[in-house]
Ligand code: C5P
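Have a look below at one chain only, the form predicted alone, in structure tokens format.
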């Protein structure tokens, strides 16, 4: 399945071989940070010098003046920006390509261009893994590729399944029975769980009742639970998610097999994903990146960041969940100068999964939009974000179930109205 993508990736090798220095621009989330780490590690093993810079997107003002540029987890939706870069460019992305690139010295490595599904079956880190293994034998990076896929809520199918098999046969991964919970005390794992979101934060009485009903000691480590105890816990969590009205797809994500990262500083793949993502979200990308490069000096700091970030997100859910508004075919929320992407994910997956959800954060003259859907809602959010944002003088795109946009702040209401109209016309 990945062989078609490798054909394009081999074109990128020619660019790498003719340059001594490579500048990597990558996204700031878990998929972007792991992608950057995979590319950086593979280049270092070739003896290439490199520099990594983390961006929130190509809408930022950047001067591209190096001989070889790699755009990681970005670029496919910005043909105008990329076409104006004079340098040799390699795009390593999984977002839906938009428009036409007017550029000859470009290699565009994207699963969508090779007949693969970049929304569920191969992330940017997976695409970077394919490229890395054309540059050399880098199968030991399979774990990082899957961490990035988990960060983008992908499934272990298609290209991701191939990478998982690579990691298992190489010996850097193993599978274990279990739940999608952190390897910490059970009480803390349930309180601080965001994926799945269990809504136990500041609800100690509910948590005590839950643990009592399932017959488990909250001070035990999750990894120490027996198969029978995990079975009881799984059933109890499933019932709680049903009561929350959670999107049914989360059950497959949560239960079954856990991935153990035998070669990484954090062995639990769920924990590794959440810690790296937290580092990126609070602009400590270099800490998450160092973790992916196995620099143990940053481990304690990374865990501190994860806990602070998790509490911040749980506080926001508690604060904003009552402010959700309803349109004809969407639900939405508008906040002032706040991070909305993780908020949109939790609310759309666990509280209101029946309609597309739009979260807008207004800051100064611009507003940032995060849009979420799921595979049971027949709406392509990437297309909706692109069309609605262009109508109000902004820019948007992404995936069918997770997309975003940047729009003028004064156009928020008009934008929301247009999104609602487009979702109604698709649904």
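Source: prediction; values computed, not measured. Numbering follows the first chain given and starts at 1.
Another form, the form predicted together with cytidine-5'-monophosphate (C5P), is not on view; read the next lines as being about it.
- At a distance of at most 4.5 angstroms from cytidine-5'-monophosphate (C5P) in the predicted complex, all three residues 78, 95 and 405 contribute at least one non-hydrogen atom.
- Checking 32 to 40, 45 to 53, 395 to 403, 62 to 70 against cytidine-5'-monophosphate (C5P) in the predicted complex, the stretch whose residues place heavy atoms within 4.5 Å of it is 395 to 403.
- Exactly one listed residue, out of 234, 341, 133, 183, brings a non-hydrogen atom to within 4.5 Å of cytidine-5'-monophosphate (C5P) in the predicted complex: 341.
- Checking 240, 331, 155, 281 against cytidine-5'-monophosphate (C5P) in the predicted complex, a heavy atom within 4.5 Å turns up for just one residue: 281.
- For residue 373, no non-hydrogen atom is located within 4.5 Å of cytidine-5'-monophosphate (C5P) in the predicted complex, even though that partner is not displayed.
- In sequence order, 27, 28 are the residues of 16 to 37 having a heavy atom within 4.5 Å of cytidine-5'-monophosphate (C5P) in the predicted complex; the partner itself is omitted from this view.
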